[in-house]
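Okay, so here's just one chain, in structure tokens, the form predicted on its own.
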Amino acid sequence: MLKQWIETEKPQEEALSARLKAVREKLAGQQMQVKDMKLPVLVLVEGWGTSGKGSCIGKIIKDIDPRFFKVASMEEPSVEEQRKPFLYRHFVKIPEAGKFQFLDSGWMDELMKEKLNHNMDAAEYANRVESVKRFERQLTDNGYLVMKFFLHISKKEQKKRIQNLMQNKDAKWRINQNDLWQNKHYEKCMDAYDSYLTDTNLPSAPWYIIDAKSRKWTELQILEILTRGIDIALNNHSLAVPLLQNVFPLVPMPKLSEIPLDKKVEEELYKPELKRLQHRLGELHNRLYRKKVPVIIAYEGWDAAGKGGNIKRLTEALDPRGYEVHPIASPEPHEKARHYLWRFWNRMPKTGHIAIFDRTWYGRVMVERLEGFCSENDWMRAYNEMNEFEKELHDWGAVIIKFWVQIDKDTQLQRFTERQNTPEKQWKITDEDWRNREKWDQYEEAINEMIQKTSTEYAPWYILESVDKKYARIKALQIVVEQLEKALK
């Protein structure tokens, strides 16, 4: 793609200045439309070292109200970021609805450095490219405008800029070893960039190659392409997105009505088995930390099914410095204004740590689906998006354990009534719980579909029969211990 690029003829100075004035005014007017239509705009500026990425962004944002944009310069990943999934530090930068986010370099720059420094093999590189394509497609499917620019200069032009900066004692700090290496190995870098740009040139998020020899001409090209993109996105903002077929292998799962709930554990067996399993889990937790294996344990289930007590028996066995429990409620306004997975990306554990979710991203296909908090197209698309999300975590090396805590309708009524009549437990029962109970059959249908479509081989669902809470606790501990032992072999 880069090798086949044909340079666009630069206009004469007078015409260039006139077009630049007009397009700056257009962007200034568009920002209110972006705000009113709640369109999130992510602008990624990549390119050769010394191609002027930072200064170009600085010129573009002059015509945008500073309340409506953020700029991030994506430096080398920190030690903390290196202990998170590859996409973590990029996903958490996505803008709120109605705002702009400009990135001075991003996932392309990070991936290219890894490849050119031979820090990954061909298979890992291919997986990363697929991750990037899924990431960008998920953003555009969820209403984001993703504009990707590559600032292109020749080897000769880059060398000239490096020399000029090196001769200026106040500017030489802007040249780093990567810029020098890049110019020395320009052809090798060109091959890598060309391959990456071709592989990630998506219909919904295409690459725009910018002639960056002239600063003013660079600004004009980007602004004209950006404003056109905003116009198209505003016109298409309400269109439904095509649904993708699931490509991940699924584990056959029973319907909830087919699961026998008469399983129980006797009291005299419960306590010694609980103690044994908790002791073993504590040992495994130490090994997880030493081997830097991340663990994600996700709990979903009926109200009053016993999720809290189940989680408590897990955490009793863990070093409190190495885990965190995330109780997930309705999204806060700043969370609701972003991609629905954003708040979960923000809660991912470091390597060697455990994240336990009390309610999860699956709210998208349960409560959000049934209460009308998202469109039909949104929740139908979410099954594949959540499978992709978990695949990303699995490829990172995470152990993913998903529990559905199952009870019957009569047991729930009994527990609701007990909570209502016990003063110290009344905080556990709300009007919303009673309203959700009225929709039991609708929820059961949605849950069955969720489990069938998202129980993948790398992140299957485990059903915890919880009419007898003790049985469910022992089963959960057994599964966690078994999966951690398997991962640590």
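Throughout, rigid core stands for the largest set of C-alpha atoms superposing within 1.5 Å between the two forms. It should be emphasised that the depicted structure is a prediction, and the values quoted were computed from it without experimental measurement. When you see a residue number, it is the position in the sequence shown, counting from 1.
Only in words, not in the display: the form predicted in complex with a further copy of the same chain, which the text now covers.
Mind telling me which stretch in 404 to 412, 176 to 184, 305 to 313, 201 to 209 gets its heavy atoms within 4.5 Å of a further copy of the same chain in the predicted bound form?
The contacting stretch is 201 to 209.
Residue (of Asn236, Ser330, Ser73, Ser257) lying close to a further copy of the same chain in the predicted bound form, criterion heavy atoms within 4.5 Å
Filtering the options by heavy-atom distance leaves Asn236.
Answer with one of Asn377, Asn286, Asn346, Thr227: the residue that has a non-hydrogen atom within 4.5 Å of a further copy of the same chain in the predicted bound form.
Contact with a further copy of the same chain in the predicted bound form is made by Asn377 alone.
Does Glu114 reach a further copy of the same chain in the predicted bound form, with heavy atoms at most 4.5 Å apart?
No, no contact at 4.5 Å.
Contact between Pro252 and a further copy of the same chain in the predicted bound form at 4.5 Å, heavy atoms?
Yes, Pro252 lies within 4.5 Å of a further copy of the same chain in the predicted bound form.
Quick one: is Ala171 in contact with a further copy of the same chain in the predicted bound form, heavy atoms, 4.5 Å cut-off?
No, Ala171 is distant from the partner.
Against a further copy of the same chain in the predicted bound form, would Ile232 count as a contact residue? Criterion: heavy atoms within 4.5 Å.
Although a further copy of the same chain is absent here, Ile232 would touch it in the predicted bound form, with heavy atoms inside 4.5 Å.
Suppose contact means any heavy atom within 4.5 Å; which members of 1 to 27 contact a further copy of the same chain in the predicted bound form?
The stretch touches the partner through Met1, Gln4, Trp5, Ile6, Glu9.
Spell out whether the Cα of Glu7 moves at least 2 Å between the shown form and the other one when the two forms are superposed on their rigid core.
Yes: Glu7 shifts by at least 2 Å between the shown form and the other one.
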